[in-house]
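Taking the form predicted on its own, here's one chain by itself in structure tokens.
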Amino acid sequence: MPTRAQHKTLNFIRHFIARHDCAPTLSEIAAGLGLRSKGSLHKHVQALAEAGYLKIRSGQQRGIELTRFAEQQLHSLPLLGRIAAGQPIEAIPGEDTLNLTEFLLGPDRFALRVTGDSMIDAGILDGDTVIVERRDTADDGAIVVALVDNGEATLKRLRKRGDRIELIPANTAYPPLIYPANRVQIQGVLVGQLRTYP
């Protein structure tokens, strides 16, 4: 695993490449990280190359390249074990990682920012980001993105009732929305959720 300084260096390089479509120079990395000495930075870059995170093309000013291994590692988090939400248990560090790419990304996935409180009893709060897998059908009881009358989309639990569709909020303050089936188009099914805490 890279040290904290090496990880900061790697993140800077990745963000620079994404933003500028070219690799940074050592001077740009040093300036971006607020480092005065390029000597220690050079050691970090060399260590990252030796660990397989970077390729360095000698003789080129912008000769730093991220490896596929680096991209995979930058999109994963250490999975350190399980933690109880009831009685405390010992959290034991493991060697696994959680691949955020597999968890969140995919060719048929998209994200939506939630506004409103109609799904709070399902743990979906105003301001959350939900990850949706694009589908035009869904199982009864799934939380779906439904388009009504080709107009507004809504996030609700799906109930099929013969030739009618019920879109059920997870908040007793709101009544179910009931439509003829031909007025509702399923756009996708909820597969994940993100929330940040201040």
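So that the term is clear: the rigid core is the largest set of C-alpha atoms that superpose within 1.5 Å between two forms. As the structure is a prediction and not an experimental result, all values here were calculated from the model. Residues carry their position along the shown sequence, with the first being 1.
Unshown form predicted together with the DNA; subsequent notes refer to it.
- The contact with the DNA in the predicted complex, taken as any heavy atom within 4.5 Å, belongs to R36 out of R36, R134, K55, R161.
- For the marked spot (T3, S40 and G59), a heavy atom within 4.5 Å of the DNA in the predicted complex is present in each of the three residues.
- Residue contact with the DNA in the predicted complex: T25 places a heavy atom within 4.5 Å of it.
- The closest heavy atom approach of K156 to the DNA in the predicted complex falls outside 4.5 Å.
- None of 125-133, 143-151, 59-67, 163-171 except one has non-hydrogen atoms within 4.5 angstroms of the DNA in the predicted complex; the exception is 59-67.
- Once the rigid core is overlaid between this form and the one not shown, V45 counts among the residues whose Cα shifts by 2 Å or more.
- Annotation for I13: C-alpha shift of 2 angstroms or more between this form and the one not shown, rigid core superposed.
- Once both forms are overlaid on the rigid core, the distance between the two CA positions of Q187 between this form and the one not shown is under 2 angstroms.
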